[in-house]
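Presented as structure tokens, the chain that follows is alone, the form predicted on its own.
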Amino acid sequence: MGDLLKIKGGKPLQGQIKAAGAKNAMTKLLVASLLSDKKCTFHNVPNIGDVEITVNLCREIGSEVQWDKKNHTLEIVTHELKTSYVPQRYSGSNRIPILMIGALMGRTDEDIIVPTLGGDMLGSRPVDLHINALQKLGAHIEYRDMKKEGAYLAHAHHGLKGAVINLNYPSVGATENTILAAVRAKGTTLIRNAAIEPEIIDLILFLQKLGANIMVDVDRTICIQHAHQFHEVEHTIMTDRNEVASYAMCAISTKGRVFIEGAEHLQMIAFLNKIREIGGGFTVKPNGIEFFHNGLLKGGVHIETDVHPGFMTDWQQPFVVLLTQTSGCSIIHETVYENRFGYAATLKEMGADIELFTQCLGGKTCRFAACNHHHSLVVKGPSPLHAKEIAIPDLRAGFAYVMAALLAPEVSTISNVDFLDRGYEDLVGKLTALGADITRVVQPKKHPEKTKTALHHLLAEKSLTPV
């Protein structure tokens, strides 16, 4: 049984916290460090579950890692690969294993074996964009379906060659995977309709320090030239814009005032516009952003999630909770994932007035039109929220539940806290510092026995030894 959170809401959050480094940047940078045998030093490293998982994954394949969690500094160097097999136990842990294909392809002639995609249950996360792009660069990839397990086998025995890659959707993961593979591919690679999220720009900055030549054009085209030499790198991780938005919405919804040190204005433009539309307050300062309740919150807003520079899909769950405290009806149209409104049922049980729709309630071209997915909702406020026993289904929904519990005057009990540990550093400590009545109840952990799986037979077939 996992740990529990006990939250007694009804208190305005007041005070100051410091934003952590970005989960979605740090995990990808660890994988990118595998491209070379040079030491990479990272600063502002978040002490969160997903970084822990990725560090362990890198160690499995041969990385030497020194992580000073107190000072948020990490050094990693991978002099040589001791295996190109990512153990099956990492299947479902996060979305990092699939990126190992792009990172390792240029460093080994051996078959690369990675487990199937993991992470939150937000809808299908097809890897066809990854596979098609890597195949155009010269990779050979196949999927093996073995009962309840699955793995991708990949190799590039004849090396990778630059190519023109046209993505039919600006997928963050596919863009990252293609960039990583292209750094060691002979010649030049063009990625058209690429994702250009701040975390991808941070990856590009790191890779340029490492020795790559990478350019980003105004039309979502990324150009990568073959890297001939690598260098040691020192890099500071960008601020986590998801964490900033999460605490900002807590401050405004609880009628409080919170200064978030390290919050970066440029990353938050779309979010700040919507905060201003509903009447929330914020002040941009040289070293961060202060968020505060600024009188009556008004609804009537229309939000459509999108790739950068649009409104992040990771912002919409807590924003729906914020909209329950506004006056009037608002619309959310989710265009990135087809199954990201599962949390709404619990919010309704807590008193929220929310209705789901399969129709596209918005003007953006949507991949989920006429697919019968509930990917639009209407929320009406203001609605008083009530405490509930809640089981967290995924990371961002988990924070939305925490935020709802902070608004309910009674005591809520929240389980599956491990999801929150994946992406929020010292959640209880930060909320306590802001005046929240929150306690973590530690539960004994179970240690399941290791068993042989169908993947072991595949490894035997490939003459590989699992770690």
Ligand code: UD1
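All residue numbers are counted from 1 along the displayed sequence. Only a predicted model underlies this, so the values are computations on that prediction, with no experimental measurement involved.
The following text describes the form predicted in complex with the named molecule, which does not appear among the structures shown.
- Within 4.5 Å of the named molecule in the model of the complex, a heavy atom is found for none of H72, D426 and K430.
- Think of it this way: in the model of the complex, the named molecule has a heavy atom of just one of K274, K136, R95, R184 within 4.5 Å, and the residue is R95.
- Out of the listed residues T83, Q267, S171, S376, S171 is the one that sits within 4.5 Å of the named molecule in the model of the complex by at least one heavy atom.
- Comment: 306-314 is the region of 107-115, 306-314, 358-366, 203-211 lying near the named molecule in the model of the complex, near meaning a non-hydrogen atom within 4.5 Å.
- When the named molecule is considered in the model of the complex, D145 lies well away from it, no heavy atom lying within 4.5 Å.
- In the model of the complex, at least one heavy atom of V336 sits within 4.5 Å of the named molecule.
- Using a 4.5 angstroms limit between non-hydrogen atoms, L190 is distant from the named molecule in the model of the complex.
- Contact check for L129: a non-hydrogen atom falls within 4.5 Å of the named molecule in the model of the complex.
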